[in-house]
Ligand SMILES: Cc1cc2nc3c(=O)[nH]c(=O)nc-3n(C[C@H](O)[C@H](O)[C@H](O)COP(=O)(O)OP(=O)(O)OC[C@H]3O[C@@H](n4cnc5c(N)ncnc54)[C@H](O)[C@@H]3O)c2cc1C
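There is one chain below, alone, in structure tokens, taken in the form predicted alone.
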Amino acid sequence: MSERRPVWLTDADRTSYEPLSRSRIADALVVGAGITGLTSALLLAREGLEVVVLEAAGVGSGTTGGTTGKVTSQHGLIYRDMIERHGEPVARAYAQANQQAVELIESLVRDTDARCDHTRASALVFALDSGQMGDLEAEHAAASRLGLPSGLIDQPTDLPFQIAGALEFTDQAHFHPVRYCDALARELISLGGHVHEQSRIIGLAEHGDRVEVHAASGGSVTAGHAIVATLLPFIDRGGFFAKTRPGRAYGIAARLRSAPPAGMYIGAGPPVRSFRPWPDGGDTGIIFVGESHETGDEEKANPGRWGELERWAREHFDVDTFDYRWSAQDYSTADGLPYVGRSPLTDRTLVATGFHKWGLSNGTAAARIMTDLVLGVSNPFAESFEAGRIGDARAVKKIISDNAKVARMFVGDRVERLSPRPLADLRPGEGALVRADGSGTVAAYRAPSGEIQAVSATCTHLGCTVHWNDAENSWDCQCHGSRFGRDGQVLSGPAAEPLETVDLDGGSA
């Protein structure tokens, strides 16, 4: 039976950092200790700035710890559409920013002596049938125009199943993302920086030439600039929650009975299947990712998502064991480009979001852009990623459509709450909206032992209704992607406050 935790978060001897418990003054504050935040912090510290990093949980424990660990500018079949939609200069900026991020990561691996299994490898999009080859050929033409290391090949020699062909980006990489983040954190501290875990931010405000934040752990930081690298900005003056959509994807780590492919692969068409070698799994280790859906989709958020991945893996590979299973979240923008830069209506707060499941390269590119903005240095990619942009007509249409969908969900959920299930019908190991005497409709989970945990069914972000995620035993909000534990504690934003605990004997606690 596979363990239900991210494969990258299994090391037992990791360094831990004390929560922020006192006031600090710094040149720069970074919120979030994933790849975007820690890269930003280290680049600033290298320029002589004193930097403080605050992390709500642990270093690399968020989306960075749930990625495939692919480091590549090959992001599926995106570049032909990007040229047609945004023009060649913008597409080239995105391509070059991500390709430069691949090189920057290798440089930082070397400089920090990161023991993170960094390995150069090709990244390939494979076509299962000849009908998909036209798309690969068009993508190759677009990628080549943008200066990317693209080529078309026939059947790769390392795949155990037949394909029609593949688009190959040479000299990309894969690595252990959390060990890499650990190395960045250690290097930051060696340069005089500070890292505080278990330090969730509860407020951020600008006062003249300073930014001040307060943490739930009791401390505060005053700094000249703040970089918010929290997947989706928790202080959202730019309306990013309304301009992005949250999605979850599922991963499994397995051992085969023979060596895995040396390259990194992703399918050209649905259902998306992505895989790469897993060095910690020995000579036969491999990772598969796929089964994406929008966060909060109660019908799709179930253990069957892993089952589908395992079925596909067994069909195409000689699988010995499945060792780990997990899922992760990311946000996608309406126009396909991340939002990176100065947050609207602020002077000294920078944000990065909307990486569309390619956050290791996009997050590193974003870190370079944001640190240049802090330092007052011109960055050639900043304009294309600009955080305050509205987008093209197609993006505006999608934003309107997405928010109309959110409005329908808000109303539909309110109707659903009028007829919840009886609490007595809740089975062990199940969570659902239920009717509780004296408390109305609540979100309740019955443990296998029979104990019930009940919390408010109303998301603390903007008041939508949470839904049970049977795959991960969490309460998820479909409106904007906030997630909460069974006890109501925040797992991921944009919500900053936990769900209210409900005492089923006497109402809200």
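Residue numbers here begin at 1 and follow the sequence given. Here the structure is a predicted model, which means the values were calculated and not measured.
As for the form predicted in complex with the ligand, it is not shown, yet the points below apply to it.
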Quiz item: Wondering, does Ala56 line up within 4.5 Å of the ligand in the model of the complex on heavy atoms?
Solution: yes
Quiz prompt | Contact label in the model of the complex: Ala41 to the ligand, heavy atom within 4.5 Å | solution = no
Practice problem: Flag Gln329 as yes or no: does it have a non-hydrogen atom within 4.5 angstroms of any non-hydrogen atom of the ligand in the model of the complex? | Solution: yes
Quiz item: Are any of the heavy atoms in Leu360 no more than 4.5 Å from a heavy atom of the ligand in the model of the complex?
Solution: yes
Quiz item: Out of 467 to 475, 44 to 52, 446 to 454, 26 to 34, where are the residues with a heavy atom within 4.5 Å of the ligand in the model of the complex?
Solution: 26 to 34
Self-check item: Site check Thr67, Ala229 and Ala249: each within 4.5 Å of the ligand in the model of the complex by heavy atom
Solution: yes
Exercise. Work out which of Thr371, Ser199, Thr244, Ser343 lies within 4.5 Å of the ligand in the model of the complex, going by heavy atoms.
Key: Ser199
Quiz item: Which of these residues, Ala254, Val289, Ala185, Val178, gets a heavy atom within 4.5 Å of the ligand in the model of the complex?
Solution: Val289
